[in-house]
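There is one chain below, alone, in structure tokens, taken in the form predicted on its own.
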Amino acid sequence: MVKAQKNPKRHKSEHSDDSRKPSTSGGEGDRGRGENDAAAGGKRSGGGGSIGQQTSGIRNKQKRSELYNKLKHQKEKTKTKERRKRQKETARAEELGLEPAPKPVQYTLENTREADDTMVDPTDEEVMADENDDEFAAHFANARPPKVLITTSYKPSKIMYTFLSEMLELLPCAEYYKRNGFPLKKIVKFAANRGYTDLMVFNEDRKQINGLLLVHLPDGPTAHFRLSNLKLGRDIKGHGRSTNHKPELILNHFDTRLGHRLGRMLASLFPQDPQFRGRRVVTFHNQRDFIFLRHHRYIFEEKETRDQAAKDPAKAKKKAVIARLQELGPRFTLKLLSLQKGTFDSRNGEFEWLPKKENKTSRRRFFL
């Protein structure tokens, strides 16, 4: 018998042809690798992380994008089902006269902020003892009424003068003096010798008001703020004109030791005996260490409302007093840059607080 001879050339060509053929299972293999990479990325990010963390381990951009969209669609679908289920349960409870289930708590940066050891309770005896001996004790004891001096940086523009006219309406106990090229240390001495309790210096750069230096006299402290998002009263839709009445003051969320001190410093700019007849209110609202200033007038109106459940049309009409707000302006945002002990001293001053990178360890850590 003659044995069949092997043809190595043919085998080589067959292998080469097979290698040239496209793999029919390539897409499945890539998909499997993408899912494996996603699983590995999820393990690295702690398993139950966000969608971005779950897909961060996939190197292929196209596969990463496809999986991201798929997971996002599934998450939105689950949310919609849960929301509709809650709505049905609430409607069923209302029909039966039962109390509906409590709404789920929304997690924000405010209610998930890191615990701070300096959070204070205003009724704490230690805090009250410190307040009785600090620089603002005379103001809150009505022994020293506020008297504020306002000035500006060198060569103020027309926008600055418009802003100052509105600030003088906001602060009924404020007076404006032109800078006239005097250095700040001389202005501080001038104001302290004439019985002023506070000094406000507004800074301007390229016709943009961008800073505020607030000095409490005669012993400090001195706070430096960045001023942003300024909107004058004339640019606010439906704005009103301010009156000469002393305004009420609202301070929101100054909860830490530093925030409590800063809130007392801002409160010392306003008199302690507001005139409620003017219905003016000034609000300093702290949110994520940004202080928002708003100036409103509240208005009470009597309107008729209809009770849809009432069958008798005569009894359906009811009169109710409704409160409405009218913004007077100006509005702006303050960001604390530094708090210095004593009056202004740029060279030898001792600072109570300065922003440091090592202290900002998380997005959920705030100082005020």
Partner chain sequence: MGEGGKRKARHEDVPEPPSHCILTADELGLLKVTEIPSGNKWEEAAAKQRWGHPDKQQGITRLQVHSPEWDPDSILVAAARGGGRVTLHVPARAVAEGASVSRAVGAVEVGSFRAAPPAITSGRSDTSSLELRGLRVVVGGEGSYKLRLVTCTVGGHVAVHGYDQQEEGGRPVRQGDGGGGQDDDDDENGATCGGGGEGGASGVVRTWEEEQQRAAAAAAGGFFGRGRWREVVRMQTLSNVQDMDVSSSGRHVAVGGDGHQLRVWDLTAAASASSSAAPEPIFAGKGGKPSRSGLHDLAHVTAVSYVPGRDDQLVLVGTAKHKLWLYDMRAGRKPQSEVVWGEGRITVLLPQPDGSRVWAGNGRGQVEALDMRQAPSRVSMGHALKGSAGSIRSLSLHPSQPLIASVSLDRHLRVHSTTNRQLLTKVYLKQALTGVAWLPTPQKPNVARGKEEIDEHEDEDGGRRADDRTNGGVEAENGEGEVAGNRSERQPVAPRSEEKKKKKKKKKAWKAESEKGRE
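Residue numbers count along the first chain shown, from 1. Here the structure is a predicted model, which is why all the values come from computation and not from measurement.
One more form of this protein, predicted in complex with the partner chain, exists but is not displayed; see below.
Proximity to the partner chain in the model of the complex holds for all of 130, 257 and 350, with the criterion being a heavy atom within 4.5 Å. The stretch from 82-90, 101-109, 157-165, 130-138 that comes within 4.5 Å of the partner chain in the model of the complex, counting heavy atoms only, is 130-138. Only one of 219, 76, 124, 235 comes within 4.5 Å of the partner chain in the model of the complex through a heavy atom, and that residue is 124.
A residue is said to contact a partner when one of its heavy atoms sits within 4.5 Å of a partner heavy atom; residue 341 meets this definition for the partner chain in the model of the complex. The partner chain is not drawn, but in the model of the complex it has a heavy atom within 4.5 Å of residue 365. Not displayed here, the partner chain is kept clear of residue 205 by more than 4.5 Å at the level of heavy atoms in the model of the complex. Interface membership of residue 273, defined by any non-hydrogen atom within 4.5 Å of the partner chain in the model of the complex, is ruled out. Contacts between 154-170 and the partner chain, taken as any heavy atom within 4.5 Å in the model of the complex, involve no residue at all.
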